[in-house]
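Only one chain comes next, encoded as structure tokens, the form predicted alone.
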């Protein structure tokens, strides 16, 4: 759905009835369903309903079935919107900071505004695209939140945020050629968003998790957020009361947060019995040293974010493995070892290796009832294979 007419038609009684009728349509059956429905409904409306059904099915992963089944989406909206669990966490943190009203700039289809409103926060949601604004308005109405969310169509760079407790900015980080990595090429640029943040008592700026640390303003708290092990976003916070320059990794569900403590890089040490793979948010936030200290461990290599230790210790910030074998990189030796252990279920992980996991899996041809994990990495600079299994 990329036009206002399609959205309007889907919100009519006929359109809503069609959306209910095609809700669970299998993509393989779309043609037959469309042919049948076009006998009684306009072809354009049937196409719009089937397209929206596809988008709703895709959106379940981000918004859950209950909300996705009532909301409206555009292709870009599904792709670029915040996962509900992350938006809910961020809204909860805003609430804890005493925020009662937020100017949500670049609101998209309204995912963040919905989470803020559900936290009891009044929201001004602004976007410059007419279709996106109409979809956001339809979504807050569909979820019963119109009393807390006011949606405006405007250029966010001209919006007066005076009187709001906080500003939230989610700049567009995709262009015609895909993802944008330069923060000044965001729309609007990061420098403008930082300036807008400075005009509010508190602010949160959503940025790409791959942002270089040197691009982060000195007076911001930087937070990297992962959900079920997948890094979803980074946020620059202003006015939180935490010392400027602080860095945080937050893991969902939980939440569990790890704050920087200014530790030096961990020492490199021989591979012990246990290997720990830090969560991606921990790695992005450069907090591997904090995890290594918790585990009384060190690095297998100065440039590799694998922590090794002699004792098993529980931590939410890393996945633990017991290492049974350490081999120099040699496919034939690995193949022989796996055959001897009757390993047919092989998980291949890599860090600091140019070998692709699927390529290795094809070469060793695992067979048998047992399972194992192989790490392709470097140990003290040397290409190495570590074999083991998840702990617990």
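Positions refer to the first chain, counted from 1. Note that this is a predicted model, so its numbers are computed, not measured.
Beyond what is shown, the protein has a form predicted in complex with a small molecule; the following relates to that form.
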item	value
Residue 155 within 4.5 Å of the small molecule in the predicted bound form, heavy atoms	yes
Interface membership of residue 161, the small molecule in the predicted bound form, 4.5 Å heavy atom rule	no
Partner proximity in the predicted bound form: residue 129 to the small molecule, non-hydrogen atom cutoff 4.5 Å	yes
In the predicted bound form, residue 88 touching the small molecule (heavy atom, 4.5 Å)	no
Contact assignment for the small molecule in the predicted bound form, among 278, 183, 171, 266, heavy atom within 4.5 Å	171
Contacting member of 92, 188, 198, 75, with respect to the small molecule in the predicted bound form [4.5 Å, heavy atom]	188
In the predicted bound form, segment of 105-113, 267-275, 281-289, 216-224 with a heavy atom within 4.5 Å of the small molecule	105-113
